[in-house]
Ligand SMILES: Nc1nc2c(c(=O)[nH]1)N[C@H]1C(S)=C(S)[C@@H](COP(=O)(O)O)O[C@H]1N2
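For reference, the chain that follows is the form predicted alone, supplied as structure tokens.
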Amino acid sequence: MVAENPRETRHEEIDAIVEAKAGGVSPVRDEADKYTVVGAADRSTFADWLTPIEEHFVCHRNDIPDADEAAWTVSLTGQLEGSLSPSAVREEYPTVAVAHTMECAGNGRGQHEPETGSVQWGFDAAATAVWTGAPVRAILRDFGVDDAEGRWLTAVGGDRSDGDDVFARSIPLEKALEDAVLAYGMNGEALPREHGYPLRLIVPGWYGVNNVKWVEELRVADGMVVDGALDRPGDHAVWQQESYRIHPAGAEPEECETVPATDTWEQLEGAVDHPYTFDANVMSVIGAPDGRSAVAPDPDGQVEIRGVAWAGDDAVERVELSTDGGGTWGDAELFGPDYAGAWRLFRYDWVAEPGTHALLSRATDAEGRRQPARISEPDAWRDALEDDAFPWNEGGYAANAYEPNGLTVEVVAPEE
């Protein structure tokens, strides 16, 4: 099982990351005192398209490996045979840059009532960066794999557990061949240690847990990782088959080698009994105003509301804004860069009267799926989506309710 014992080095590691990121992030509570986690310190992070490294959230459960790039090797196993060095990935394969909105699958966990365990994220565990690396399809084709055929790619991280589990995650080979990247750069800089140096798997539009850090093994097989699947000691399937599954309290998900659907929302609607967290659900966050200080309208009596919206593998179709706590809604304008797997900027010109106002945003994806208003009671489960609620689940995963992300803004009369 997953080791949840406190780590002596955790706070030292958090302090070092917060210092290096110059106040752009702040620690987030982890009741087990096990994980190293920092999230965006201010709403302003969600008012811009590109997230600086200094404001990008960080989450990992084990100590950062003391990686030596010259000695690092990625083993190719299963239906692959061979190995790669970081220098080979950089020098022998094409270089691409992809924009990717990374969101922790536990983002919004802290909004569950009753509270679930682990890291109590609000909406602060999401960010968009440009990742540089080699296309996974170029690497796999070089080793004789160029057809998905229902197969899966498993990535194994090189961070050493203090228990007996191995951090391994599987994604459909079809997704890996489509747009996944083995990255060695972030926002034009070398990949930082806390973000996976020397090599990290980037899966555009999919929850952060699939974007394995410190990759030391890539395995192609006919199914997802299950216990005993890897040629190494330890528990192999904890992070694929137990953790990061969406289920009601007390359920024990069964291991699956494959599933009929990987779209997280489709799984929630009934395609999979206990859904896996693959692509991100539709979501939005207001970045400005930030609610911390009063705002005054411009000479035209308007206040610009700006934020970001994303929807995993799907496009964002619409963002709506309410300035009266959900009583009425108006359409925001989508603008700026439009890349698959990355969030969109939105803005809304609000004719604002002096007083206190409750601001909300809700996004709808190209499949017509709109953010639900709230998180359900624990016993609702499958009926929650029909009642405009996201299902409370034991792990607190994939939540995208819009009411918990709202803010209160004080509008003052402009100075004459």
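When you see a residue number, it is the position in the sequence shown, counting from 1. From a predicted model like this one, the values you see are computed outputs, not experimental measurements.
FYI, the form predicted together with this ligand isn't displayed, but the following is about it.
I need the one stretch from 153 to 161, 278 to 286, 73 to 81, 264 to 272 whose residues put non-hydrogen atoms within 4.5 angstroms of this ligand in the predicted complex.
In the other structure, the partner sits against 153 to 161.
Given that this ligand is not shown alongside this chain, does residue 184 nevertheless sit within 4.5 Å of it in the predicted complex, heavy atom to heavy atom?
Judged by the heavy-atom cut-off of 4.5 Å, residue 184 is well away from this ligand in the predicted complex.
Can you work out whether residue 309 and this ligand are in contact in the predicted complex, taking contact to mean some heavy atom pair no more than 4.5 Å apart?
Result no; residue 309 lies far from this ligand in the predicted complex.
Should residue 167 be counted as a contact of this ligand in the predicted complex, where contact means heavy atoms within 4.5 Å?
Close contact exists here: in the predicted complex, residue 167 approaches this ligand to within 4.5 Å, heavy atoms only.
Residue-level contact is defined here as any heavy atom of the residue lying within 4.5 Å of this ligand in the predicted complex; does residue 56 satisfy this criterion?
Residue 56: contacts this ligand in the predicted complex.
Quick one: of 123, 244, 197, 93, which gets a non-hydrogen atom within 4.5 angstroms of this ligand in the predicted complex?
Exactly one residue meets the criterion: 244.
So which of 89, 145, 119, 209 gets a non-hydrogen atom within 4.5 Å of this ligand in the predicted complex?
Of 89, 145, 119, 209, the residue with a heavy atom within 4.5 Å of this ligand in the predicted complex is 209.
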